[in-house]
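In the form predicted alone, a lone chain appears below as structure tokens.
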Amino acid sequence: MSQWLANVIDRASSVNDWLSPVRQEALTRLKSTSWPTRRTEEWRYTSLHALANLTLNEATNSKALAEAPVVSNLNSIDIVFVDGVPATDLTALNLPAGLTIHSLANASEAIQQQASKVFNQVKPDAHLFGLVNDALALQGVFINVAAGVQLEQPIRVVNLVSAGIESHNRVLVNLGANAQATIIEHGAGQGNSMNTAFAEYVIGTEAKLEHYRFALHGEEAIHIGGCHFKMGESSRLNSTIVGYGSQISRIDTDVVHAAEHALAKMNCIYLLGPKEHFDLHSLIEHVVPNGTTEQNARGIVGDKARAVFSGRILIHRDAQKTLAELHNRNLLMSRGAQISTTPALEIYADDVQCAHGATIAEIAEEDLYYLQARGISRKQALIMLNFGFIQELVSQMPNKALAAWLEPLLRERFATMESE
């Protein structure tokens, strides 16, 4: 067991709140869980050496980063956490009818009962850092959208972490039958910080969820988290994940088709600067018949950086008539960049239509030469070619205000990714 994990167990042992039974179960599992090494299959390509003996300050009441990123024309309902501590007064929010947002730390008994139907009901219980989040996420929100309610305003949960701080945050979402909502998770970490952020979504019958996760942490940050979805009958999920590389950055996504005729579309973009690391693990389970999944992940990897993609679609024996596709495409900025990609289909049904694949390529010098010969600088040519590689996924984002906000950020990011 690492020093950091031992410290987590020690801190969590003194927590006493309405989630204590869940926290105690997590502690029991953590005490018997081995610290991942390169021999641990799920962590084979991601070293946790930088975290093993890390010592940072716990969350404070700092408001140094309290300003949420401005997105023009978004008109969102914003919930801001700074260093794990709420910077938004949830009771002061002007919410439309049918939408309730409650703090997990101050939930009434009635809200506790509602939230307990989501907390740990979607996230797999085998994820080490999911257990850490179970044990230490003292702050978080429970978002409930009543049946039949179609929200026009997006809900944005912003999680900002300062240099030298360790924090843990949880988002729970229940989307009632025939409801519709857009939820944005936006995370950013400065300096040598550490953060776990997990979100669980229960999507009701014929409900529609438009989901975004932006993990835009600095190069020294450590960020580990996950997005986990349980889909009801004829429900719809459209999810976009955008992640930067950092010292350690890992996101796990899990989608369970728990009822028939659900459709999940997932797009993922990851961008790694020189010497950065990013790990995206995805598991999509089709438990019942007539489900549809389309997943596309594209990554651009800078010099001496390493990206990891592990995508798996599991089709159970009863999940006949499933349609599923999984594709991972990667662009290396130099011969020193690395990508470990493992797309996989595990099929136990015999009446399905499935496809999967992965590609790895470098930027062609002839393409750069073509642009440079027409008066475009090499740096600008690289930006143009990089953005062209992921532009299709950006243009597929349903929220055009977010797409317009993201485009210049990505172009700025590309400008820093050329080989040193």
Partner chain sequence: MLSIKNLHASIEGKEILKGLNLNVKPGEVHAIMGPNGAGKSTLGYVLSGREEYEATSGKVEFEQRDLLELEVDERARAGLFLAFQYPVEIPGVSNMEFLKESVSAARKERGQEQLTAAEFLKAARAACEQVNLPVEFLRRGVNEGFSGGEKKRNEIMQMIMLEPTLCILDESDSGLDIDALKVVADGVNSQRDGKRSFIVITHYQRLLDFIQPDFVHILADGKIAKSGGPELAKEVEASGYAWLENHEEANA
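Positions refer to the first chain, counted from 1. As the structure is a prediction and not an experimental result, all values here were calculated from the model. Superpose the two forms; the largest set of C-alphas matching within 1.5 Å is the rigid core.
The next section is about a form of this same protein that is not shown, the form predicted in complex with the partner chain.
The stretch among 50 to 58, 32 to 40, 354 to 362, 375 to 383 whose residues place heavy atoms within 4.5 Å of the partner chain in the predicted bound form is 375 to 383. Using a 4.5 angstroms limit between non-hydrogen atoms, L371 touches the partner chain in the predicted bound form. With the core superposed, R374 shows a C-alpha displacement of at least 2 Å between the shown form and the other one.
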